[in-house]
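Alright, here's a single protein chain in two forms, structure 1 and structure 2, each given by itself as structure tokens.
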Structure 1
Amino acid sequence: MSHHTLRLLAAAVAVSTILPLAAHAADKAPAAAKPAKADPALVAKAEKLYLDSFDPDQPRTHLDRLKQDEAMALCSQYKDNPPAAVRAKIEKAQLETIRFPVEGRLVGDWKKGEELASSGRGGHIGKIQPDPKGTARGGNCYACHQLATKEVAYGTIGPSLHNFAKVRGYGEDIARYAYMKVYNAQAFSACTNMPRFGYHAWLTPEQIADIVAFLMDPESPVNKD
């Protein structure tokens, strides 16, 4: 949950409090009511409630994510719509974080990439049904994108990636772009909803190369079906 979302939550509480009074006032005065501003005290209370809900025994990598880095802080400050200069600053800084596989191969094994794209495991940190320690992490790509047509359950938050390379080409430049986008999408679109898989070390560079292969290989069901 971003700080922006917390502010919206606090604003919603404020709106629910003043709504009856506003409706009464509207009967007497037809002037449009001004939007309610988030109460800083409510924002702080909501944020503390949110942070305290996490189990302190969670892996350090999960708890560290609760602290916003500079990019996320700027996105919260501008409600995910920063001015052009700030957007450029974020993207430039994020571009410099991208690291490549030691052996230099940006296109790995598409079958391994398919497994990673299909798995949403490794990040279940709730108290009801958490993933056991050591659970392999997946990319959970279908949560937001259509990829291979045999998987009929997919999200539409992100664009369809079916026929990714067939449409965009099989060249090295496309593979490099795909690798960098999966590694750190903020380098191309500041404040995007897409996770930063490499930046947060959620996936290794080699695993990202496998996902790139799933997108790029002509034999991958992404391009063949």
Structure 2
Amino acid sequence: MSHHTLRLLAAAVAVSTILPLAAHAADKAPAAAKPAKADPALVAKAEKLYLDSFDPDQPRTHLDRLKQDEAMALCSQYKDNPPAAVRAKIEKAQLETIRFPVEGRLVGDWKKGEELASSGRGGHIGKIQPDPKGTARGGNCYACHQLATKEVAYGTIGPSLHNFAKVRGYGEDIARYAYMKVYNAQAFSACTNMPRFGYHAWLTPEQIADIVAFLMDPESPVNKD
């Protein structure tokens, strides 16, 4: 394990010690059912049927979106409810994927972050209704979270993040936790509903820092209104 990874682990441990609520409030409520793994023979058959159902006449990069990494495969097979040991294994591996902005600034421009939180654009492919070329990808945080109160069209799949820093504090530890959570939420909560925005390079580290600012800046409407 590298020095860098150790530091990350230490940061995560520190953050989750300080922030037991923050770290777990965003997680799915544990499913009532006991963790059960899908039958491997069924998985093999279903995977073949599924993958054969896609139009092969499209760019390889499009079809690559169907590939699963270890976390996706395990979460699928356990219906997002893996047993504790598998959960721990996923979280450890995901924590090691987190990278920070080159210039080291975790808190960027909250106004840019607000735009990213509002935009659900980008990334749609296929022949029927793709996004126009060059469409910038948004984070679409409002699809699932309440943030600033002036935006009423917010979803409830994730917890409310209104007053994010007002409730949790404006310190660097909280900013670091927020950054890591947006970058790879599965580092804290295996198989969470939340996309891994940094891991997939859906957003750049700098864009994630802008979203962190939207959550953390005292002037941001998340904390001010």
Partner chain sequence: MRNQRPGTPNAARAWLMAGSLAFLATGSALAQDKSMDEIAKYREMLADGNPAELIEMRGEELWKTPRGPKNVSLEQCDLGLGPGKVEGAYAQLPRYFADTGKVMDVESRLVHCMQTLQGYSFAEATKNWYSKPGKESDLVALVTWIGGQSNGQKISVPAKHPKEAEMVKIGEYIFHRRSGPQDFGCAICHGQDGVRIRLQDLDNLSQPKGAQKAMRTWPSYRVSQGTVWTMQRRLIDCMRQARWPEQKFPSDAVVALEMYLQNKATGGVLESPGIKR
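Take the two forms, superpose them, and find the largest set of C-alpha atoms that agree within 1.5 Å; that set is the rigid core. Residue numbering: sequential along structure 1, first residue numbered 1. Fair warning: this is a prediction, and the values are worked out from it, not measured in the lab.
In this pair, the copy labelled structure 2 belongs to the form predicted in complex with the partner chain. With the core held fixed between structure 1 and structure 2, residue 67 has its Cα displaced by under 2 Å. Fitting the two forms on the rigid core leaves the C-alpha of residue 126 displaced by at least 2 angstroms between structure 1 and structure 2.
Shown is the Cα shift of residue 58 between structure 1 and structure 2 after rigid core superposition, which amounts to 6.6 Å.
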